[in-house]
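The chain below stands alone and is given as structure tokens, in the form predicted alone.
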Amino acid sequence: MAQTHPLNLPATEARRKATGAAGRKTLEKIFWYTVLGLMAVVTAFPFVWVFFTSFKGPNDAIYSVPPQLVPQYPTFDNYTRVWQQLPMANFFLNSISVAASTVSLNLLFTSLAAYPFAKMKFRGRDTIFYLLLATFVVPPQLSFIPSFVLARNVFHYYDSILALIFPSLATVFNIFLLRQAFKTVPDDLLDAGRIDGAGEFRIWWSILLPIIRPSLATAAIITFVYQWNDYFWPSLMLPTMTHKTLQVGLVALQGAFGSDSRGIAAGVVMTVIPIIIFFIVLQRQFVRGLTGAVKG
């Protein structure tokens, strides 16, 4: 009968431990993939249901037991009807104009504000920065009444898309995010630029901004999604139908098609699709930008 040599026992035990560790890691992966998959299904199902509902024809049941998800008679009539009976083109144009202008100007001003907080030394720098962060404690609803009074009586941009752009020219969160990104850039690069004769604005534009592009993409996505989905302030400032943004127009859609769930679903899909496209284009930069901000 063959016997195991005593010298082989440690190696056999090591292999057994390695096999057990690999098995535990595999089980952990299966568990977490299962949990994440279930969360993804629960999160995505409402939009999937709305998406398929927007293509259902008059003969397709919306509420049934068992539920009918995929339409048997798909049609684009719901989109055509909504587009023809409401000024959806104006809604889209207004939302795109506001979102694009806000994202561009917000990134410009917040990056200019974040640079001195991260790389310049001046008296009261940290105090000013923490005072800015303290504004998160104040609920934004408290500023709506004074902002409305200023917009209508002082700046006179009531019923104009400028009323949506100006209040969002700078946000504290983006200043914080870009400051953290700037802090990860080595000071040696800035010193090298100064030795070559570059001024502060040249350093900000030519050295820092290209390095922190992932964080800029993150700030752009956050600003775009917030501005695109904003409802209360646009509904307060834009009473004219042709001046409304898409989110405010969606409420008018519910009024026009109160009993037409297919038309409402088509309007919801048209509202959500641009956000999904924007995120898909910048998703890799978004993840990298958040990672950089956390490390900073």
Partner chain sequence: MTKKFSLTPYLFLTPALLVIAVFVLYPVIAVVYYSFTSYDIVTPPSWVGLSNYQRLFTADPIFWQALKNSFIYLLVTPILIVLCIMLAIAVNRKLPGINAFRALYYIPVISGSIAVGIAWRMMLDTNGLLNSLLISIGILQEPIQWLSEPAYTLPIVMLLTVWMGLGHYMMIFLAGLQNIPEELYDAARMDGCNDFQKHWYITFPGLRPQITFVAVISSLAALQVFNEVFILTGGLGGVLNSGVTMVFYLWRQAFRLGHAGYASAVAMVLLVITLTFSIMNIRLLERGTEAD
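This structure is a prediction, so every number in the text was calculated from the model and none was measured. Residue numbers count along the first chain shown, from 1. Under this definition, the rigid core comprises the largest set of C-alpha atoms superposing within 1.5 Å between the forms.
The same protein also has a form predicted in complex with its partner chain, omitted here; what follows describes it.
Looking at Ala89, Val149, Ala192, Ile96, which has any heavy atom no more than 4.5 Å from its partner chain in the model of the complex?
By the 4.5 Å criterion, the partner-contacting residue is Val149.
Do Trp83 and its partner chain share at least one heavy atom pair within 4.5 Å in the model of the complex?
Flag for Trp83 set to no.
Indicate whether its partner chain has at least one heavy atom within 4.5 Å of a heavy atom of Ser64 in the model of the complex.
Close contact exists here: in the model of the complex, Ser64 approaches its partner chain to within 4.5 Å, heavy atoms only.
Please run the contact check for Gly37 against its partner chain in the model of the complex: heavy atoms, 4.5 angstroms, yes or no?
Although its partner chain is absent here, Gly37 would touch it in the model of the complex, with heavy atoms inside 4.5 Å.
Classify Leu238 as contacting or not contacting its partner chain in the model of the complex by the rule of any non-hydrogen atom within 4.5 angstroms, answering yes or no.
Residue-level check for Leu238: no, no contact with its partner chain.
Sort through 128-136, 74-82, 212-220, 96-104 and report the only stretch with a non-hydrogen atom within 4.5 Å of its partner chain in the model of the complex.
It is the stretch 128-136.
Sequence order please: the residues of 140-158 with a heavy atom within 4.5 Å of its partner chain in the model of the complex.
Pro140, Gln141, Leu142, Ser143, Phe144, Ile145, Pro146, Ser147, Phe148, Val149, Leu150, Arg152, Asn153, Phe155, Tyr157, in sequence order.
Taking the rigid core as the superposition reference, indicate whether the CA of Ile30 shifts 2 angstroms or more between this form and the one not shown.
For Ile30, whose C-alpha is compared between this form and the one not shown after core superposition, the shift is 2 Å or more.
Taking the rigid core as the frame, does Thr240 move its C-alpha by 2 Å or more between this form and the one not shown?
No, shifts by less than 2 Å.
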